[in-house]
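One chain is shown next in C-alpha cells, namely the form predicted on its own.
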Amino acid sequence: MKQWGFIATWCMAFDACFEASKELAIGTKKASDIVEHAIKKIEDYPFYKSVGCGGLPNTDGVVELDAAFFDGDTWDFGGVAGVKNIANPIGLAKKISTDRFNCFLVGEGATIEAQKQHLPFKNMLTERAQKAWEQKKQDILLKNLSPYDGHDTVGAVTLDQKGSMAAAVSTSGLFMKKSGRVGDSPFSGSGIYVDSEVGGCVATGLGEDIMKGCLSYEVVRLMEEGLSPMEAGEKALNRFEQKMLKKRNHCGAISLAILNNKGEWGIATNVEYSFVVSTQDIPATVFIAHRKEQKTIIEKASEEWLQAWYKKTHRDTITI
C-alpha cells in the first residue's frame, strides 16, 4: 500500500480525521476533496466554539469567518475572510481556488460569489455562542478582563495514495475581535502552505504573530532542504520566537501541524495543544503536545483527558 496521511489541529478534528482515514485507505478520492469534506464536517458542528456554525462573535456580536484551501499539486489557492452566514466558508475557498485573478475574496464580495455559486447560507450565530458573547461583555466591563481569547483554528494537511497533497483551514478568529479583523489563517504562507513535492503545514494560535513569520511556508521550505517535519517545525518556531522576543519582548501562542509527502508528520508548539493524526500505520488518534526546553513533547491523550474535553465542549454554556 502506498503512503497516505492526515493531520489536523485540535481534538475537535477527530471525527473528521476518522472519516478521512477511511477514504484515504480506500484510495479512490483525492486529497483535495477529502480535506475539504473534513473541514466542512467541523464547520457544521455547532459545539466547536472557534469554527463555523457556533463560532464565537466579534465585538459587535457578529460571527465573521475566514477560510483557505490549498492544492499541493497545482498550487490552486483560495481564501475568504470576514464572511458572514456562509454555511461552509471552506467550500467557497475551494470554489474560487481555480480562479487565476479572483482567488481571495472578503466580506460582501465573498457573499455575492457564494450566492452565484449557489452555496448554502445559514445563521452561524448559535444561542450558545450568543450567551458566551453576552457573558464576555459583562466580564470585560465588570472584571476588566482582556477581551481576546479563543482562537483555535482548525487546519488539516492530507496526503493521498497517489502522492497528491492538499491543505485547508477554517476559523472564526479571535473571540471579541474588532469587526473586519483577519488573522493568519486564510493567507498563503502564514496559516497554510502545501507542496505535493515536499509537504504541507497549517498553523493555529495568535494570527497577528504567526503572520509576521510566514511560518507555514518556512516549515515547508525547511523540509525541502531535507529536514524532517519535526525538525522543520521546531527549527522554524524556535528561531521565530527568539526573534519575536528580541524585537517585541513577547510571542503569542503558536502551534503547527506538519505532514510531508512520505506520510511522516510533525508538530511544533509553544503551548499545550491537541491534534489528531492518522496514517497507514496509525489509526485516528488524539495526541497532546507541549513544550519543554525548546523541544516539543508529544503523548497520546488519555481517556480521562478526552472525557473531560468532551464534557467541556458539549455543555450548554461556553466557559472562556
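All of these numbers come straight from a predicted model, not from anything done at the bench. Start at 1 with the first residue shown and count on from there.
As for the form predicted together with N-hydroxy-L-asparagine, it is not shown, yet the points below apply to it.
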Task: Full three-residue contact with N-hydroxy-L-asparagine in the predicted complex, heavy atom 4.5 Å, for M223, G233 and N260 - done: no
Open item on the list: Since only the chain is shown here, I'm wondering whether K95 would be in contact with N-hydroxy-L-asparagine in the predicted complex (any heavy atom pair within 4.5 Å).
Closed with: no
Open item on the list: If we define contact as a non-hydrogen atom of the residue within 4.5 angstroms of the partner, is R181 a contact of N-hydroxy-L-asparagine in the predicted complex?
Closed with: yes
- [ ] May I ask you to state whether L206 is within 4.5 Å of N-hydroxy-L-asparagine in the predicted complex, using heavy atom distances?
- [x] yes
Open item on the list: Is G199 part of the interface with N-hydroxy-L-asparagine in the predicted complex - any heavy atom within 4.5 Å?
Closed with: no
TODO: Name the stretch: of 116-124, 133-141, 73-81, 169-177, exactly one has residues whose heavy atoms fall within 4.5 Å of N-hydroxy-L-asparagine in the predicted complex.
DONE: 169-177
